[in-house]
Structure formats: structure tokens, C-alpha cells
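Let's start with one chain on its own, the form predicted on its own, as C-alpha cells.
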């Protein structure tokens, strides 16, 4: 998390030097980079001279999995004699290269959850130990609607370092002291940017913003704060007739963060782990008594939208959506959050 924001400085790095820089960073950090396999891009651990790409629209899975893994061991225990517990907390220094503005925004949203009341040391330790190198967007997908949520695809001050593609090189915007220290440690890869390069980057960023669709006006979401008015809106029944309850929208969402906790035992030892869960599953709210307050798909799909657009806003003051478009692109029955907002707002 970026607590120090010095005056922004600008450098240039040639694309031909990026791999060499990654090889050097590998010696000091756990590196995660976008890797393309079979036309799918995801963040993977970088190895020396390994494959990576910075020519992509967005990753299939959001980077939240690097901070809240799909399955994560919280601690192990042994009770053969005395009970002993060993916590499993990530302490290594890490860098994520190529994170998009929508996804870095999602991390600031998740921060509010995991530092609230009882701090989640497993998430926060990884977050505090991770330096983010962002990458501006110049080629929006038809599913992207980050502009609707006032996220700038061409600029991001929430990351430590931000890259703007200048064809043969990247303009490097340094936003934090941690980012400045990295530049200082590897000066051979960077040169000072001139006014021409900075102006050129601004010229690239402007059309990028215009290219992103605006699915709705952010003010349209204010109607969701009137819970009583829309709680029994007919749109929930209509969506329930279509929805498969597969949960792909929550697993691919960069801000969904629900998880289940389980103990796994083998003889005299075991572990406690957590794994992703989804409010779209019947078992999510099924109680030991057999009662389920959300027994039907209507209640579950309503919960997803109300949590993002109403309940989360009431608690943390922001919408739990960043317009990354993953849920639109991969929903098998084409449920579209922008259309749901439009339907309710228009009526």
C-alpha cells in the first residue's frame, strides 16, 4: 500500500531492456508478470529469461489471487503431545509487473475490507511487501467500463510505478518513495524523460480514455441506496430465471472476497486453510440447522448486486466494482451489470 507520495518524476526505459531488468529484479524479489498461454493471459511467477508479455488487454484472473489465494494455508498444527501451531505468513518482497488501473483500484477496495476492525495479517503482509508496476491501457475491450466508475485507464497514481507505452519504450511515472528506490537501485536501465516524451504520453492517454465505453453514469447507482424501493424489483426474478448459479462472476471479479475456512486433519497433525467461496452458491448461507435465508437464486443474485452497489457503499464509501468487464465477458448467460443498473435507473 502506498503511504508515501513524493512529487512525481518521469523516466524512460527501452523495451529491449525490460527482460534484463526483470532478470536482475528476480535476484531480490518474487516477480509476477503477465504470461500468455493458449491465448489466455494470467499473472505467473517469473523465472530468469522466462516468457512474459506486456502486449495484452487484461488477465483472465484478477491479481487479487496474489493477495487472497484461491486456497491458502493459515496455519498448521501438531497435537501428538503438546499442541503446537505454526502460522504461514508470506514475508518475501514481491513485485507485480503490468497491473492495469482497474485492478490496482480493486486492491485499494480490498484494503478497506482486510484492514477493517480485525486486520487480516495474511492479506496485509503480502500487500505491504508488494511493489506494483502499473501499465496504462491503450486498447480497451468492448466489455471494459472503468470510465463509468471514474477510473482513468491511462493514468494511475495508486501504484508505485506506472508505465505508458511509447512504442519502442515506456514512459515511467514514479509515484512513491518505494518506486524511487527501485529506480535508484537500477539506474542503468532508466534515463530521464524529456518534455517531448511526457507530452507524447499524454497524447496517447487521451484517446485511450475516450475509447473506453461508458456503460452508465456513476450517479445512476445512487438508486441502489434506496434498498426498500428496489429490494422487490422484478429484475431480480428475471435474472434468476437466466442465471446458472455457476459463480464465475464472483471468481473472476477483482473485488469479490468471500472465503470459507476449513480444518484438514491427518492423524496427529493438520492445517487450517481458507478458500474462495461465492454468494451465488446455495451452501454459502446454508446454516447447520438447515435454514437458509437465501434459498432461491433470486435472493442470491440480488445479494451480489446489492452488496456491490449498496451495502459496500454504506460501509466503506465506494462501489465494489472497477469496471474490468470480466463478469460481462465470461458470464455464460450474458448477465450484464451495466444493463441491470440501466434497467433499474430507467424505471
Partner chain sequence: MNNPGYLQNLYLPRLASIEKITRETGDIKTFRLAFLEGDFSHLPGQFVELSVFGRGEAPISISSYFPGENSLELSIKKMGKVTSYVHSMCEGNKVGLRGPYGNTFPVERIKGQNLLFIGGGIGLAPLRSLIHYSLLKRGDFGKITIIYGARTPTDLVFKEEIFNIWPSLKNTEVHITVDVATNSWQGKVGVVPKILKELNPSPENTVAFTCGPPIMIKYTLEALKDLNFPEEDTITTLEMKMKCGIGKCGRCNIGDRYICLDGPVFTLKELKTLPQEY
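Residue numbers count along the first chain shown, from 1. Bear in mind the structure is a predicted one, so any value in this text is a computation, not a measurement.
One more form of this protein exists, namely the form predicted in complex with its partner chain; it is left out here, but the text below deals with it.
- Out of the stretches listed (68-76, 99-107, 245-253, 161-169), which one is close to its partner chain in the predicted complex, meaning heavy atoms within 4.5 Å? Every other range fails; the passing one is 68-76.
- Query: With the partner absent here, would 122, 260 and 289 each sit within 4.5 Å of its partner chain in the predicted complex, counting heavy atoms only?
  - Reply: Contact check passed for all of 122, 260 and 289.
- Task: Scan 150, 217, 203, 87 and let me know which has any heavy atom within 4.5 Å of its partner chain in the predicted complex.
- Result: Comparing distances to its partner chain in the predicted complex, the residue within 4.5 Å is 87.
- Query: So which of 196, 116, 226, 241 reaches within 4.5 angstroms of its partner chain in the predicted complex, heavy atom to heavy atom?
  - Reply: Answer to the contact question: 116.
- May I ask you to state whether residue 141 is within 4.5 Å of its partner chain in the predicted complex, using heavy atom distances? No, no contact at 4.5 Å.
- is_contact(residue 293, its partner chain) in the predicted complex, heavy atom dist at most 4.5 Å: Yes, residue 293 is a contact residue.
- Query: Are any of the heavy atoms in residue 46 no more than 4.5 Å from a heavy atom of its partner chain in the predicted complex?
  - Reply: Flag for residue 46 set to no.
- its partner chain contact in the predicted complex: residue 311, any heavy atom under 4.5 Å: Yes - in the predicted complex, heavy atoms of residue 311 and its partner chain come within 4.5 Å of each other.
- Query: Looking at its partner chain in the predicted complex, which residues in 271-288 have at least one heavy atom within 4.5 Å of it?
  - Reply: 272, 274, 277, 283, 284, 285, 286, 287, 288 sit within 4.5 Å of the partner.
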